[in-house]
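To begin, one chain is listed below as structure tokens, in the form predicted on its own.
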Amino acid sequence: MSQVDIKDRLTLPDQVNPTRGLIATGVVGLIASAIGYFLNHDQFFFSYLTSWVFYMSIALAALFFVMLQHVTRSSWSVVVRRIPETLSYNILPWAIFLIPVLFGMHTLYHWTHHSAVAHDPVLQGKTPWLNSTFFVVRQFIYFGIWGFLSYRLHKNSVKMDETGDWGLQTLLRRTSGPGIFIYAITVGFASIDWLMTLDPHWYSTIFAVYFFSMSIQAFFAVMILMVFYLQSKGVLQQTINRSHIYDLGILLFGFSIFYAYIAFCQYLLIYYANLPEETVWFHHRLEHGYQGIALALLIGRFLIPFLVLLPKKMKSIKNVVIPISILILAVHFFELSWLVMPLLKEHGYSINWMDVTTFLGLGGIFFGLFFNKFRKHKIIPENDPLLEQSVNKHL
């Protein structure tokens, strides 16, 4: 068992329990959204898909982060690892909230219309993959794999807290090694299913990496906000130090550059090839007001984070990284809207009240589930063999 001297308490105090408030917010938001369904069911499904993918992307990126830490035997992240372990634990219950998307397939996905497929040679050629039955089956496969990985990683990490058995670390690595490979394949196909097939004529061979780059950048923004939220409540103030904040800040900075590189590559290759079936996708997203969102993506997801976080000291300053993280999450939502909404509002983008209610409703449930699970166990892996190195890490 680890003999690290931890000065902070390792469980959430009773006064740090936002679960009920978050769940209540979620229920109210979803009820309001359900009312909206009867007023404008098309808007409901598109708004719901946007918000659902927003939170799903964060949970999936959290799963990747956890597996990467185990595979690389990373020590710095041990004190913050329980946060992404719990975020990724949300994946399996989050499958329940995919059900409205499945019910709305006929509204969301043009290729589910048999009459459209019958008169479209392109859709006919994609029928072996783009058919409703196989789409639903794939979702079961995806969530079965992700649920197994997240459950196994969380369960054995918590078990190591209870037993002090360092042999479990080998089991965590053996799960994470092949897990990352399977993760890459399934998340790639899932991103295509959820987002790219909204416009079934369009395709991009880099879209899966593009979705990953969006997700991982948003995840590090969530991590930074979560760490500072806990510290504002008096939790882990001694255990998580400036060095850990700096590491999260530098990862946020690095993946902001990675995102910009991937997004630009996708645009440049399609622009250079100048094939009508590819360029029309960007054409719809660079007119009727959508060009404003595209410009906001460039500024909010790359230019501002890059310029502000470029100096070393900025990456660990609370009053710098918090606004940058909030900005990135806001732009992450608008980027998903930029991907989804032109199929519904081709003549101009405007925020609908259901965009807000679905975002708050699903967000309340997502983070309510997080805190409900997070408070049931130690908030850091107290018996991890690398904990001492993590606690004693300094700039």
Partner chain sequence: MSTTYEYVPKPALVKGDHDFGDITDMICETPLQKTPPLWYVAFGAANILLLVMLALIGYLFWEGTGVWGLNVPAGWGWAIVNFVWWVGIGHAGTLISAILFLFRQDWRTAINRFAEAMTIFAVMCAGVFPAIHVGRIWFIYWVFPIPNQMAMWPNFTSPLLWDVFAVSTYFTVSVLFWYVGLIPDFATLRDKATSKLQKITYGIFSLGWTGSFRDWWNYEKAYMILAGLATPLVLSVHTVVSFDFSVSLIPGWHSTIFPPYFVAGAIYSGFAMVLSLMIIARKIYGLEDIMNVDIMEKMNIVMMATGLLVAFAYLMEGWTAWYSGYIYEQAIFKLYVVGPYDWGFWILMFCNVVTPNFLWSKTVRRNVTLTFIISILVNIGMWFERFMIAVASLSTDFLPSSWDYYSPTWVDIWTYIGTFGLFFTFFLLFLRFFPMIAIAEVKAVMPQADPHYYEENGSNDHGKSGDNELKSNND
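None of these values were measured; they are calculated from a predicted model. Residue numbers count along the first chain shown, from 1.
Another form exists, predicted together with its partner chain; not displayed. Remarks below refer to it.
Within 4.5 Å of its partner chain in the predicted bound form, heavy atoms considered, which of Gly177, Gly234, Pro323, Pro93? Only one option qualifies, and that one is Gly177.
Name the residue from Cys265, Val280, Leu98, Ala294 that puts a heavy atom within 4.5 Å of its partner chain in the predicted bound form. None of the others qualify; the residue that does is Cys265.
Heavy atoms within 4.5 Å of its partner chain in the predicted bound form: which of the stretches 221-229, 204-212, 84-92, 284-292 has them? Flagged stretch: 204-212.
Proximity of Gly144 to its partner chain in the predicted bound form, heavy atoms at 4.5 Å: Heavy-atom contact with its partner chain at 4.5 Å: absent for Gly144.
Just to confirm, Ala273 within 4.5 Å of its partner chain in the predicted bound form by heavy atoms? Ala273 belongs to the contact set for its partner chain.
Could you tell me if Pro200 has a non-hydrogen atom within 4.5 Å of its partner chain in the predicted bound form? Pro200 belongs to the contact set for its partner chain.
Answer yes if any heavy atom of Tyr246 is within 4.5 Å of a heavy atom of its partner chain in the predicted bound form; otherwise answer no. Heavy-atom contact with its partner chain at 4.5 Å: present for Tyr246.
Which residues within 102-131 place at least one heavy atom within 4.5 Å of its partner chain in the predicted bound form? Val122, Gly125, Lys126, Pro128, Trp129, Leu130 sit within 4.5 Å of the partner.
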